[in-house]
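One chain follows as structure tokens, the form predicted alone.
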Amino acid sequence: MPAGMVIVGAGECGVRAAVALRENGFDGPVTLIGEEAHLPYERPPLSKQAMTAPDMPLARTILDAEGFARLGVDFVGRNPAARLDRAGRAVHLGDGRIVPFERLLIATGSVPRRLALAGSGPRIAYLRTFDDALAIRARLRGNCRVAIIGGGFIGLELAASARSLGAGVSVIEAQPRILMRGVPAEIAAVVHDLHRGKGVEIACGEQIASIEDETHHILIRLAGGHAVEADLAVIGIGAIPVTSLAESAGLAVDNGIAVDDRLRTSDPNIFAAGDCCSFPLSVYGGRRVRLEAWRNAQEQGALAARNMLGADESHAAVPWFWSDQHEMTLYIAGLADEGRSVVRRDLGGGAFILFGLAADGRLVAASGIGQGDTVARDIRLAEMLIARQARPDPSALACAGTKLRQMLAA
């Protein structure tokens, strides 16, 4: 078998890389290796449409079998990579197959962080795969009581979905507030009140003392003495990058597989992209970050493919993220913790944007919330201003009548 381009990880990032290799003219062998039985599928719908669809949902495929055939990409599913032979430039698969490579991309993503206290059982769930979503969906019914441990984006999206189906929902968060990572407190407060108004119970600053799987329910005892009974406990306390393949091969790891701004690992023939890697962000002075976001996976997959072909392009994208929360949608551009001062722009109807400014006046973050796409366009323009390291007038940022496009043009 001739060596070609090999991608380990058949998620958004890996599929985007395979497509980009062909789009950029590579006509040699391309192999995409995945461990799930399904064709590659989108993950954002798992906490939303997959839960609430009236009929049994189907995985929303990124590329179907005909698409792989048309591109001439060899998709190997249900066959995880077991070992990486750097010296021999080959990937050893679980079934014994050996796939040689000229260049390799590791796009293995991340997996849910486990809660040791929870143990395992049919009433303990984590949400990462389509099969996970189906298992949770099967237990959601009108009189179901769901406890969600962790007040992050995915847990809250799932809370909204479960509540829309009539389930009773309790969210337990160890931190002082929900959405501690990357969302300003003002926006977190809006999301908190929105969920409470929909009947979701939220307990913040609560440590879990024990989780007991009783005969007919889950009993979650909190350190403060309160107890929560539930028919299902879904644990969403963060994700950890899948780095075992890289680590066993001796590649550098630093909160994910460590790559440079070209997405190269410590081996110049091996690249890493998406949730599994940490990389330097030039717009923040080379600060090393790891992002778990749909668009980042797409962008890095395409960039890694180009650089595998010798493009030598640096990663210059600004982080961007969105989340649906009941009828509201929040958007984030940049890194909120980079801001030293915050300017608020009210857009009416409860929608607003918070702009984060660095000490030198640079715009470094923008976070907004509103119904539907109310704030989407302005967040996109703010993202472009962040990329240009613009220093907009704070008073102009605060004034809804001053168009961000004008600032961009200036």
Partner chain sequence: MTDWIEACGAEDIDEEDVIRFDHAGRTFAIYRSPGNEYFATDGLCTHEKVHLAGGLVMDDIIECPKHNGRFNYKTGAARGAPVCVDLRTYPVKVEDGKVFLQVG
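In this text, all values refer to a predicted model and were calculated from it rather than measured experimentally. Numbering follows the first chain given and starts at 1.
What follows is about the form predicted together with the partner chain, which we do not show.
Problem - One residue of T129, N307, T329, S278 in contact with the partner chain, assessed in the model of the complex (non-hydrogen atom, 4.5 angstroms) - result: Contact with the partner chain in the model of the complex is made by T329 alone.
Practice task
Sort through L347, A376, A358, V342 and report the residue having a heavy atom within 4.5 Å of the partner chain in the model of the complex.
Solution key: After the contact test, the surviving option is A376.
Exercise for the section: Establish, in the model of the complex, whether E36, R139 and H216 all lie within 4.5 Å of the partner chain, using non-hydrogen atoms for the distance. Expected result: Checked in the model of the complex: no contact with the partner chain for any of the three.
Exercise for the section: Examine R145 and determine whether its closest non-hydrogen atom to the partner chain in the model of the complex is within 4.5 angstroms. Expected result: No, R145 is distant from the partner.
Exercise for the section: Report yes if any heavy atom of W322 sits within 4.5 Å of a heavy atom of the partner chain in the model of the complex; otherwise report no. Expected result: Yes, contact at 4.5 Å.
Exercise for the section: Determine whether any heavy atom of T243 comes within 4.5 Å of a heavy atom of the partner chain in the model of the complex, and answer yes or no. Expected result: So T243 does not count as contacting the partner chain.
Handout entry: Residue contact check: T52 to the partner chain in the model of the complex, 4.5 Å heavy atom
Key = Close contact is absent here: in the model of the complex, T52 is far from the partner chain, nothing within 4.5 Å, heavy atoms only.
Handout entry: Contact stretch among 376-384, 362-370, 24-32, 348-356 - heavy atom within 4.5 Å of the partner chain in the model of the complex
Key = That would be 376-384.
Exercise for the section: Scan 382-410 and note down the residues that get a heavy atom within 4.5 Å of the partner chain in the model of the complex; none is a fine answer too. Expected result: Result: M384, K403, R405.
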